[in-house]
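Just one chain is shown here, as structure tokens, and it is the form predicted alone.
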């Protein structure tokens, strides 16, 4: 099928979009294309996700029941575990994890296996797009060779390849997938034209760049920018506390400057699938070209050490009440890595749980968005543990309460009246209590 025929199918809304991986990136992408009347087929290894889409049952809380109900009843949308149906799609968008291994190096296993599967079903004229965050050169050096070897077809001649990094911000009411401009890099001009035309049907703006390597670098740059700035305010938090200065008051005041300043907020560490991981993709790749990444690594060191600062402040808080951390009961509020979502990937709360337990504390958690801890690669031993109930008797039973995630749903005034020892890593108690004998900022 020629490029012009492909573009005609896109314009006529008969171009079928295949999405591989129906998680926090793939599911919103499915919804976005569906809303713009494009036919969509989703692929996932997890039959639970497929069943949920078929039945209209939410499995990502902040996306809501209405969306799932509409998808389940639509004749333009379906989900399947049958990867043999990949050839039905005109475009295949890969939204799979790109974690780190135990040596803090890129783990490309999911990308490689998915690409191998795509290569087995690849047909002439298909467009393949990687959306997962990765190091510069992935598309050209890894994706295309696997696709060509497995299919016997030639990229740029028989099929099209592009890279367009996801830019999801789970739970953000102001920016969903359709409202966030999409950076697109293509393997050749035809691939770029086709990929931009596809995203133009559903996304507010496409931002074409010169090649896939540049697009891959854009995503890393965005998240390294955040990592470095978060590290800066985390370091300032520790410094200003030693000086008796409230870093949150400083940042609020500095944030009134209409130019030259962008406000970032400190916390107990980094969470989510992007910021704790992505900088290491560039540091790993930079070693290949013998370039140091001192600034990026320093930021990672500061952010990684923040949970230990929270432990130190908890020791001080309990000591103020003439208690030791060893033998005390600690309640962590918030397992999700950010407010008002159920996304607990790379959450610093897990590291806090481990550190408190190492110090001899009895640890529990409360999170209205994560009632039960799901299995994970990093913390399989916590799978199945349930959130405690939110009531006065339960909260009063803990020697210390540590706010790790500031969900809006939590009643902080109740917390202030129920607990005498609160370690606040998020400035959540700002409007609930400023009692220095009760609230200890960390």
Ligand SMILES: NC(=O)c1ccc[n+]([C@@H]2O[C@H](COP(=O)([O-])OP(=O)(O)OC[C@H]3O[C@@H](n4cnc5c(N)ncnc54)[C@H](O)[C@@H]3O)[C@@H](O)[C@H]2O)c1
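Positions refer to the first chain, counted from 1. Predicted, not measured: the structure shown is a model, and the values here were computed from it.
If you look for the form predicted in complex with the ligand, you will not find it shown, but the lines that follow are about it.
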query	finding
Per-stretch contact check against the ligand in the predicted complex, the hit in 349-357, 320-328, 173-181, 129-137 (non-hydrogen atom, 4.5 angstroms)	129-137
Site test, 411, 427 and 440 vs the ligand in the predicted complex, non-hydrogen atom cutoff 4.5 Å	no
Option touching the ligand, based on a heavy atom within 4.5 Å in the predicted complex, out of 369, 264, 110, 366	110
Partner-contacting position among 314, 234, 227, 114 - heavy atom within 4.5 Å of the ligand in the predicted complex	114
4.5 angstroms heavy atom contact with the ligand in the predicted complex for residue 45	yes
Partner proximity in the predicted complex: residue 34 to the ligand, non-hydrogen atom cutoff 4.5 Å	no
Interface membership of residue 20, the ligand in the predicted complex, 4.5 Å heavy atom rule	yes
Any non-hydrogen atom of residue 295 within 4.5 angstroms of the ligand in the predicted complex	no
Stretch 81-99 - residues with a heavy atom within 4.5 Å of the ligand in the predicted complex	83, 95, 96, 97, 98
